[in-house]
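Only one chain is shown below, in structure tokens, and it's the form predicted on its own.
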């Protein structure tokens, strides 16, 4: 998300960085480019006008003229105003109620409501340490009930059964009674969607809302619908008094217009971003961090939080000690490091959060990287434990056996062993000379698609 906007804004603002003095003329040129970039990103016209007026008012005032570095001061203003447009600060879920806290999910059909229920349930269990139950009140789509049951089993949360012949209000009330009996912290209620907004849908969801009085009412909306997402969110908010928004399919939206329009149009905060189908593809929305990502400043805090949540700390510490002590690095370690990168969203996901690296994200082919990862994993899994620990023993007949077991060729096994040998040398440098040596040697050592052959800026 925001890839196109980020590229355009960075190109425009780069020209201002070195300016010793900003004038109304060069500010006007920059703002014209910013306005065009926002409109191309499908940001609502009213939001663009308001944003440009606020930036202009601050830029031609004392704030920039008295600055030692006017160009950087202007960029800070753009970042501050982007942050304000998206909501100023993160808006956490409210749990300050008698359990269970009920989270009601609303939205149009196809926006990703049911998938988001599963993702949110997993996030609440892992990040907030909550005991969660999920229930579907979508009596029009029995498949949605079954889908939610499957998701609940996948993420390890309680599922309250329902059926197409029941009343949605009855389902919700019975689920809350059961949640209280089981000392559940959070009950997530999935509701029916439609292909478009209609009176019948709004009437039903309003009655359900009044009957259950949820702690949070989250509107789930597809980011790829652009500013239409903001208009749909406003229609729901007029009927339901939303507490927040979950923006889905952000991995397929290179523009970002929805994220920049929703808060301004509805007055409601974006609480989560969903990217992809995996159950862990959900992250809290932090306006200031997102503004930093858009302007190529990175988002190191989110990267650290993600690492803490997804990386096995015990395994990482064990590996670090092993490396410091002997510099030894075997194929088991190699596979573990690739798995850690994969859990963090791959090379592309990490680049988007590193300062100055956002522009490189588009140069990594995610699909190719995932295929490459699976191929490497298959080859390593076809080896014996002894072969993984001592790769030097892998000769002709062993290579043929490994290739046959992994569905690859001997050439591909040779290629992996060569890449591993280079990585092994690099790790020995780390044990002797620290991270600087490792970063110097990293470019080109990973396979294509996983980061190999990155441009000089990555080095």
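Values in this document were obtained by computation on a predicted structure and should not be read as measured data. Residue numbers count along the first chain shown, from 1.
The same protein has a further form, the form predicted together with a small molecule, not shown here; the description that follows concerns it.
> Which of these residues, 111, 172, 179, 148, gets a heavy atom within 4.5 Å of the small molecule in the predicted complex?
That would be 111.
> Exactly one residue in 87, 214, 274, 257 has a non-hydrogen atom within 4.5 Å of the small molecule in the predicted complex; which is it?
It is 274.
> Using a 4.5 Å heavy atom cut-off, are 122, 268 and 286 all in contact with the small molecule in the predicted complex?
Checking in the predicted complex: none of 122, 268 and 286 is within 4.5 Å of the small molecule.
> Going by heavy atoms within 4.5 Å, which of 126 to 134, 95 to 103, 112 to 120, 162 to 170 lines up against the small molecule in the predicted complex?
This holds for exactly one stretch, 112 to 120.
> May I ask you to check whether residue 141 falls inside a 4.5 Å heavy atom distance of the small molecule in the predicted complex?
Close contact exists here: in the predicted complex, residue 141 approaches the small molecule to within 4.5 Å, heavy atoms only.
> Indicate whether the small molecule has at least one heavy atom within 4.5 Å of a heavy atom of residue 375 in the predicted complex.
Residue 375: no, not in contact with the small molecule in the predicted complex.
> Is the gap between residue 333 and the small molecule in the predicted complex 4.5 Å or less for some heavy atom pair?
No, no contact at 4.5 Å.
> Taking heavy atoms and a 4.5 Å cut-off, does residue 248 contact the small molecule in the predicted complex?
Yes, contact at 4.5 Å.
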